[in-house]
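Presented as structure tokens, the chain that follows is alone, the form predicted alone.
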């Protein structure tokens, strides 16, 4: 059985993938290796994880406006997230998602608690929905 929740479209597009959750805000500038998609920020919940192709769920962005260009660069290198789900998307992540054409939705209540690492979801950011897919 699948479950669909509605949010707000930030960057249109559709993607499906495995969820990777961070309960902490993310600053993409200096935190992600753009060549590999590995999260390299020391002492962060995601340190050592690879975000490439994952549906990245985190409360909001933080830090430098350069983070927008990092998200764009990750998308261009094919090492970025397949989609982004936030509780509240601020301008840094929104700009990066739009430039990089990474589907992004926010306004999903309790997104960080609702989804778990390894869940499979379909993000239809054009419609502003996220569907938790049933296990096969």
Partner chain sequence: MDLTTDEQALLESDNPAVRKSMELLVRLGDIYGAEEFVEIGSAQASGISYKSIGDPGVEFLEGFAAEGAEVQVQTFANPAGMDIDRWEEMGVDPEFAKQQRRIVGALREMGVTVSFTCTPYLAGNLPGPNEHIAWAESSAVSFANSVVGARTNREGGPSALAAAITGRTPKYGLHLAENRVPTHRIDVDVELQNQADFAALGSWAGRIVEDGRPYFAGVDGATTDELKALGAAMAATGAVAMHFVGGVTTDEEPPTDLETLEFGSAELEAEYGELNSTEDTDLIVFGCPHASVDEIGQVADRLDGESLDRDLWVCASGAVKSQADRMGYTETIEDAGGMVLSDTCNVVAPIEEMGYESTATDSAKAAAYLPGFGEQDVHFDDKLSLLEEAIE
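Predicted, not measured: the structure shown is a model, and the values here were computed from it. Numbering follows the first chain given and starts at 1.
What comes next is about the form predicted together with the partner chain, which is not displayed.
Open item on the list: Since only the chain is shown here, I'm wondering whether residue 92 would be in contact with the partner chain in the predicted complex (any heavy atom pair within 4.5 Å).
Closed with: Close contact exists here: in the predicted complex, residue 92 approaches the partner chain to within 4.5 Å, heavy atoms only.
- [ ] Please run the contact check for residue 60 against the partner chain in the predicted complex: heavy atoms, 4.5 angstroms, yes or no?
- [x] Yes, residue 60 is a contact residue.
TODO: Spell out, yes or no, whether the shortest heavy atom distance between residue 17 and the partner chain in the predicted complex is within 4.5 Å.
DONE: Looking in the predicted complex, residue contacts with the partner chain do not include residue 17, since no heavy atom lies within 4.5 Å.
- [ ] Would you check, heavy atoms only and a 4.5 Å threshold, whether residue 82 touches the partner chain in the predicted complex?
- [x] Flag for residue 82 set to no.
Open item on the list: the partner chain is absent from this chain, but in the predicted complex, do 47, 107 and 116 each have a non-hydrogen atom within 4.5 Å of it?
Closed with: Zero of three within 4.5 Å in the predicted complex.
Open item on the list: Could you pull out the residues of 5-30 that have any heavy atom within 4.5 Å of the partner chain in the predicted complex?
Closed with: 8, 9, 10, 11, 12, 25, 27, 29, 30, in sequence order.
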